[in-house]
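Presented as structure tokens, the chain that follows is alone, the form predicted on its own.
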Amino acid sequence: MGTIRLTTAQALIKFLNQQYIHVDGKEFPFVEGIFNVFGHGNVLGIGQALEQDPGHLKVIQGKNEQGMAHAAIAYSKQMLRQKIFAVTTSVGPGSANLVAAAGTALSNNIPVLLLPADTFATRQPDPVLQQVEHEYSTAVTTNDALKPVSRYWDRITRPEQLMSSLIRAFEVMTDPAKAGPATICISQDAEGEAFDFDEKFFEKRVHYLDRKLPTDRELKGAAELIKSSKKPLIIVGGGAKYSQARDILIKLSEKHDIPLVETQAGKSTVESTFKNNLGGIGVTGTLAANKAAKEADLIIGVGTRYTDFTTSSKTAFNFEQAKFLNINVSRLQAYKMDGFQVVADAKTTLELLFPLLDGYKSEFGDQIVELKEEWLRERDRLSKIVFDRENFTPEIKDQFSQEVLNEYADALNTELAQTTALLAINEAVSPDSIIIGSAGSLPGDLQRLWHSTEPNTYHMEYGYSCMGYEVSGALGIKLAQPDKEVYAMVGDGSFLMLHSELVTAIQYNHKINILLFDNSGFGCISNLQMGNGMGSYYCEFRTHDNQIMNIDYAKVAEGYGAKTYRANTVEELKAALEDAKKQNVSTLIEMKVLPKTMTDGYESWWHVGVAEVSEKESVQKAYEAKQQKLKTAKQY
């Protein structure tokens, strides 16, 4: 048996270069590259190994550990989890900055390899710079914080431990049922230590993404449930997108008159223009989808986790009549809502189900078209919201006074409504453009209003709804699909949280477009406060003397080297979008939009914590309303 003497870090890089994935007869490298912010702990180990021989890996310098990890996550998500980037950080704060990103990957079931440096295995110089100390254990380091947000976690203190750890990590990342972040923490002294590694460890290794087949029992049970139902409804989740189930979903829906509704992760699996696609379901859903959900007697969940936003906190369905059929590669997810479980690949299962449903038609019939047309009329209305200083009714009723709305219009020098701006953008960008969002009020507006006319062009991180994902994620998408225009839909609150990878995009000439909706505050949470009886408390961006802040974000981006625009009217916005298409550098379009001009409601409900005791009558009423709603909610 031959051996090769390498440092732990050199062995790591050599191994990453030899990992391949096999999907539907196609084979290609699984690891595209590695993001880095070098510091002590990784620069002399992994940094040295990359300088010596990166192989085919693309090496990209990040600007913030969370930001570059979010870019890696977005890359994998856009590549349908079939390729990844690795991420390396220094010890201490560098490692700690990965926690939010790891949570994002875990919540969304996205594979990413996190490689935070760790303290000395020998402990000789302890405590080193940036090392935390605990009285109860010297073994605890910053990286222990990554345990609850990692699908797989390990610490390497000896070179030979790397081999079994990497094989385990790649098994996890390439398993559709449990894909998520794999975290391997490598002690900084161990990174540079050498070992005689078995040469076979570095041979080409292929990971097979075989489609799990449903059993005969599962297929027969699923077919019986569908054929005995009168009004079945298909929820298209993220698992349907990763399975590439578009064609069979359309085929099933058309032949059997079964309407489709979408989760945030599932949106753009089937394009919005498909006649039976009623759009988003749940808290951020359309009126059409939520009406259909209330009438359905069978909910067919295809690759969905049934989050509270999808189920309207388990009030979206008529539980007196509705049964559940869950198709999911994850047994955990298939068991939800006490449904009939088909633990298998979505596309394969639906294809095998199709011939078993011959002769079946749902009773939805023409109602699908009627529901869709009703919603399209509402969508058209929302595209034409006009501000009236004398009698303006915001979309979220009775929260801001006319006087405050006028104050915002004056302070921001705008009369632009958020929904009007969003739908103008939808009309103006190319159909094959990819949009990305994550947090604030924009995900709700996007799920309801955005029409994706081509598959896999809607990228929403709403498993964790991590503020700051948008700009970083845009870079990851651009790396995945460099020939497409990518638009980050981001509020001013999220932009302030994290936009560091805009600099990385400019540095490496990966053009992204940032569409910044500025309403001078955390508008989404202000809505939440005021919708539950509170005032707008510490969610507006106001100065010490109570003036609304008007920040020049375009000037910030211009300083980085981006091409920037200011657009406070629909005409200015359309002109900016057209000019931005011609640019070779990253762009930012700053839009000042009025608060309370986003969408809301449409027969949905979100269960949030409301104070049971309050001096305000409005809060007391909100609590009472919540208790009443809970009487109709499913509890498990």
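Since this is a predicted model, take the numbers as computed values, not measurements. Just count from 1 along the sequence shown to find any residue number.
Beyond the structure shown, there is the form predicted in complex with a small molecule, which is absent from this document and is the topic of what follows.
The partner is absent here; in the model of the complex, the one residue of Leu298, Leu371, Ala439, Ile425 having a heavy atom within 4.5 Å of the small molecule is Ala439. A heavy atom within 4.5 Å of the small molecule in the model of the complex is found for one listed residue only; from Leu252, Val429, Cys524, Ala562, this is Cys524. Site residues Tyr408, Ser536 and Tyr537 are none of them in contact with the small molecule in the model of the complex, judged by any heavy atom within 4.5 Å. Remark: Gln78 does not count among the residues lining the small molecule in the model of the complex, judged by a heavy atom distance of 4.5 Å or less. In the model of the complex, no heavy atom of Tyr242 sits within 4.5 Å of the small molecule. Using a 4.5 angstroms threshold between heavy atoms, Tyr462 counts as touching the small molecule in the model of the complex.
Remark: of stretches 287 to 295, 244 to 252, 175 to 183, 524 to 532, the one touching the small molecule in the model of the complex is 524 to 532 (heavy atom within 4.5 Å).
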